[in-house]
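In the block that follows, a single chain appears as structure tokens, in the form predicted alone.
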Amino acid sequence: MLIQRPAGIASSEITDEQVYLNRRQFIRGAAGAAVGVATGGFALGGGRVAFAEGQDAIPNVTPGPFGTDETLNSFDDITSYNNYYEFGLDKRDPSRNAHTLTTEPWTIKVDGEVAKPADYHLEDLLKGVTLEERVYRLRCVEAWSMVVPWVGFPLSTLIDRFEPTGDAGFVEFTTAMRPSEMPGVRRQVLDWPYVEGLRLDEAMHPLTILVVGLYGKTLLNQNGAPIRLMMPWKYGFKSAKSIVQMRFTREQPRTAWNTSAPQEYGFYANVNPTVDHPRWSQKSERRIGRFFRQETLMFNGYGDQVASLYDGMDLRRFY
């Protein structure tokens, strides 16, 4: 079920994850050290703290309004079992290969039907943003799932800043494509670069966030560093990683999987246990780290928040 987490309590305070214990120990040991000693990651919340594995701890994260009563997946689960075909097809390939991606500096091009198109540096986009921990279910179209403590902020925060025109009906997201850093794009698995899209009202929904971290630390490359999309009621492939462009359009964008296999992957891709994938059932899912399968919930359990977005639509047809 979706729950409101008590104010002021982050997952770092309600889970015994060893990574959090290590984080607190490190921060205590690093007290008084100069800001900016890290070699990887980027500045968030006005400070920068060195951390292991090329990450930075993210200070001043506010517990977000949405959570779940389900057990979080471990840091190892979340960072070693990934779909990111730009780095390989096996679930372990991204954790082995994604270290080659350069994430500094990072620029996002904003164009299309907006009043303020520009090439924005990531650090400028993050200025003044309040970062929240959002504990969301993640349901993959392949029928596996996780529960992830993301760190991010509502996408609507940036959309309001860009000032879409009255002609903007959709937002198209493009992922980085760098053959020299991403070995997977040398294979024609998809029509690169990876592109995804949302209807504008979906993009503006309070549950839709841009993610810059997880478990209190900046994202590892295999999870979509330095910034990715997350909508918890949609299958995971909708959540574009390592975003380099946001384009506001009048027409529905052509997206990577919908273009490649339209008979299998729809534009909306809402989690729907009543609509099977042509090659497998979507009625149940395998939670990573557990043996038994569990029932899949309509809209991944977020129906009370998002079902009204699709009033009058045939959810079987508009998969």
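Note that the coordinates shown come from a computational prediction; the quantities given were computed from them, not determined experimentally. Start at 1 with the first residue shown and count on from there.
Beyond what is shown, the protein has a form predicted together with a small molecule; the following relates to that form.
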Which is the contacting stretch out of 128-136, 102-110, 218-226, 159-167, given heavy atoms within 4.5 Å of the small molecule in the model of the complex? 218-226
Single option in I209, V171, A240, A98 placed near the small molecule in the model of the complex, where near means a heavy atom within 4.5 Å: A240
The small molecule: the contacting residue among V189, L200, L122, C140 in the model of the complex [heavy atom, 4.5 Å]: C140
Suppose contact means a heavy atom within 4.5 Å; in the model of the complex, does that hold for all of F66, P154 and Q305 with the small molecule? no
T249: touches the small molecule in the model of the complex, heavy atom cutoff 4.5 angstroms: no
My question is simply whether T175 lines the interface with the small molecule in the model of the complex - judged by any non-hydrogen atom within 4.5 Å. yes
Hey, in the model of the complex, does N82 get a heavy atom within 4.5 angstroms of the small molecule? yes
Answer yes if any heavy atom of P149 is within 4.5 Å of a heavy atom of the small molecule in the model of the complex; otherwise answer no. no
